[in-house]
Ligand SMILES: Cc1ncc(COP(=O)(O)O)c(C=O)c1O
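Okay, here we've got a single chain as structure tokens, the form predicted alone, with questions on binding and movement later.
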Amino acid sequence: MSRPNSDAASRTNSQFPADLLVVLDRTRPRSLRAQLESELRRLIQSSQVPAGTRLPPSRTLAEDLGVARSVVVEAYGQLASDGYLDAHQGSATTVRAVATSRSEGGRAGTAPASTVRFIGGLPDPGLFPRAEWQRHYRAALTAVSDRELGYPGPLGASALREALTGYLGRVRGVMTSPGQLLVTSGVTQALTLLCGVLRARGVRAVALEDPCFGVHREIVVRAGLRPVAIPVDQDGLDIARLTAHEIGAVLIAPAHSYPMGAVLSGARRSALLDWARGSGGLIIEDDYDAEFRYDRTPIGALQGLAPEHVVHAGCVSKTLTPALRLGWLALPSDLVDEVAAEKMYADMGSTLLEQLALARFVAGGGFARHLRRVRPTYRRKRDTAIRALAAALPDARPLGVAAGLHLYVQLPSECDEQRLVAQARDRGVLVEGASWHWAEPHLAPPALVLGYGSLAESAIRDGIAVVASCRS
């Protein structure tokens, strides 16, 4: 234990290194390095050791604590890679500015600020084409007439619907028309609108993949509908299980299920369409990240095989940025008026100027060029994540690797998912446990959802190393 000195510890940018009060318990099974790292992180997060404080040299602190110098060096090194310390050869080790707490959408609760955030499905914000988007936005703002600067209308800007009709037909095989496309504030709103229409039509239950994106299950519940969990395996949704239930619609991501990444097989695609034709049920196709594929041929949209039985939902949240809040629905003809009415009473239409800018971006080929440019970058990130997992967590099994911006990482059955997630968060790495995406989380096998899209390759490697260290 080092000598306490509250005056020295309270000064920032001090000329002299601060003494530290650190207690190590040699009777605990946890290593002395892990204890030291945890104690230093706690002191920094609580501002007991504020930003700018010079920490003792590794040799000095090791002597004070009665431990090997390597224990301090490794602890300092880990905290530096996690973003808590600035450490450079030949200069003092100082505390960086770190936020003390944050809220993770109510699900993770209050946690220390994370320097590495493995958020599933998020694109790299640094890849957003700012300059080109600015040109299109300015052009749209210049060209729009005074008469058009009113409420946008529930279907959305005709220029965007026309551009999307061409793009979706060419790239995703979607068979639609501008009159059957409706612009939304992302897929979240799209699903909310559809659930409202389904409930008004008398539908009481909607089938979802199990596991599925947990937010979608909550949307179904909040709409007053009953979610029915249908298992997903390596061939996608188990259609045989689907036919055993009385349901009015099924929500599915056939090109890349979330979070497991399964692709609906050809036989099951046919069986699902047969179910829709025979039962009159609606298929809601979530085509959230089909543009990002690395090791497989393109998979066309399900909607193109049965346009009057499938609603095709997409957005730019994964391809450009979720900050735009723009998505779309390609609707069967008999649903257009009802969904448009839901949209009208929800928000009177999506923001117009962003729609017009996106229309120019898509119609001018900028969107396709952007996707061609970023695919190799995301593939390298994917490869980095796979290699890092193989080195640091060789007994873990990544799934869904052929496409998308995340990996579903199966953990050994004896692994405690919640404990691993909590310990990683304490060490500055936010990683999502997969269990909440399952209908019965307490029965879910231990797994992680590892979103790599928004991170640099070095951060991917460092973050996975931290997660792996939490198992020791």
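The model shown is predicted, which means the values in this text are computed figures rather than measured ones. All residue numbers are counted from 1 along the displayed sequence.
Keep in mind that the form predicted in complex with the ligand is missing from the display, and what follows is about it.
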Margin query: Taking any heavy atom pair closer than or equal to 4.5 Å as contact, tell me whether residue 318 reaches the ligand in the model of the complex.
Written below: yes
The ligand contact at residue 186 in the model of the complex, heavy atom, 4.5 Å | yes
Check: Are any of the heavy atoms in residue 286 no more than 4.5 Å from a heavy atom of the ligand in the model of the complex?
Finding: yes
**Message:** Even though the partner isn't displayed, in the model of the complex is residue 361 close enough to the ligand, meaning a heavy atom within 4.5 Å?
**Reply:** no
As a check of understanding, the residue in 367, 76, 292, 213 with any heavy atom within 4.5 Å of the ligand in the model of the complex should be identified as 213
If we test each of 325, 309, 117, 199 for a heavy atom within 4.5 Å of the ligand in the model of the complex, the one that passes is 325
Counting only non-hydrogen atoms, the one stretch of 260 to 268, 352 to 360, 163 to 171, 187 to 195 within 4.5 angstroms of the ligand in the model of the complex is 187 to 195
